[in-house]
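First, one chain by itself: the form predicted on its own, in structure tokens.
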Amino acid sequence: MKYVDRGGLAFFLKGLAQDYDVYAPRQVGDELVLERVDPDEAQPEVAWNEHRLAESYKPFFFQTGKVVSRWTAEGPQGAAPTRPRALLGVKACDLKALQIVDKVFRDHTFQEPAWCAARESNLIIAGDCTGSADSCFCTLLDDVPWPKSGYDLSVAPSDGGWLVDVGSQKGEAHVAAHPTLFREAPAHAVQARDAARAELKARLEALNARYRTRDPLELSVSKNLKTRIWAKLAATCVQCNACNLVCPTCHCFLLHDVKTPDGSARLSMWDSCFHSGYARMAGGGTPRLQLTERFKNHYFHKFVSFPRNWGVTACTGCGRCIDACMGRIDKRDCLYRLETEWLPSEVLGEIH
């Protein structure tokens, strides 16, 4: 465990800008947003995000509208390489999201080249949550609001500076390159961080206590697939697709060809399972014509089929879908109502 003072961390980020495009939370009006740190700044001004930002870090690895190939008179060309990025402030829910999408894009025979290249080249500097949004629910998924794996470096505020955990050889190399900035962490600073972690976890558990289900979510969703409650849960959905677009684990995409001045290009575009044409087949038919069926499929995929296929739930509890929903649909509430709310006719059916 290492320790660096506040000025030292800013100096460290400035040094990283020689090899990376450094992105960090910056204060813009009343919001914290991810912005590129200007390497020419004498003392880069970055903000500490107490919890996950409104936007996820997924676009740094999986962009929408990315050119995956081009065709010109000279023949086909691959996608242009991008400069590696150093990403500051990645919270535990976003780290988990990257590991979830790894299951699809990296950890098997058929790999997505751009995703794999970004995962290899980008530097991830994670950070403890020191607060929570009202929509955060990682503890409902038995996770914790601090990084446990999947980072190169992880920082946590303590004792007027930053505790630094090293999580990879890449992170170790960057720390070793700045021996005057980092020193061994004092024991009292580590104890203070651990106490702050326990306190925040307890607050999150209290915040989400009313949504805790009796059964594991995979069982809770799978056993209630035929209930007519789904129509009530989806009643205010307007198919805006916001929940999918802000979700750090949604990874569906389609390929779109466009003409260019010198030929043509193929783009990778994010797709959404709420879109009416998402499951349309070649003959024009679709197995999920009704919105309720698409709404149900969204939950089935995240909480049933993905864990059955890949061994992990495709949700991190970040709560962005709750914040973004125009219909004020709360995923926690939907999961709870699935288990606790019954229609009279269905109860009678169970009896008979």
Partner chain sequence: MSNAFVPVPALLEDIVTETPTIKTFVLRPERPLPFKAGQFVQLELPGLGEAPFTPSSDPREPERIEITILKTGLVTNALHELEPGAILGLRGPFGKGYPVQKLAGHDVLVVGGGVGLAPLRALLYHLYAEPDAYGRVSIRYGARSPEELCFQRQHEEWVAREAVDFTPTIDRPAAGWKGHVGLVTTLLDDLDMDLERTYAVSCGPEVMLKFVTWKLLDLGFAPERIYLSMNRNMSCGMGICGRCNIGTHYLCKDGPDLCYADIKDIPYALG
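Keep in mind the model is a prediction, meaning the values are calculated, not measured. What we label the rigid core is the largest C-alpha set whose atoms superpose within 1.5 Å from one form to the other. Positions refer to the first chain, counted from 1.
Keep in mind the form predicted in complex with the partner chain is missing from the figure; the text below concerns it.
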query	finding
Candidate stretches 44 to 52, 304 to 312, 31 to 39, 320 to 328 - the one whose heavy atoms come within 4.5 Å of the partner chain in the model of the complex	304 to 312
Output flag, 24, 83 and 197 jointly within 4.5 Å of the partner chain in the model of the complex, heavy atom basis	no
4.5 Å heavy atom contact, residue 258 and the partner chain in the model of the complex	yes
Touches the partner chain in the model of the complex: residue 119 (any heavy atom, 4.5 Å)	no
Any non-hydrogen atom of residue 291 within 4.5 angstroms of the partner chain in the model of the complex	no
In the model of the complex, residue 69 touching the partner chain (heavy atom, 4.5 Å)	yes
Position in contact with the partner chain when the complex is considered in the model of the complex, options 113, 131, 160, 179, heavy atoms within 4.5 Å	113
Candidate from 214, 188, 223, 108 lying within 4.5 Å of the partner chain in the model of the complex - any heavy atom	108
Residues within stretch 245 to 270 having a non-hydrogen atom within 4.5 Å of the partner chain in the model of the complex	251, 252, 253, 254, 255, 257, 258, 259, 264, 266
Post core alignment: residue 262 C-alpha displaced by 2 Å or more between the shown form and the other one	yes
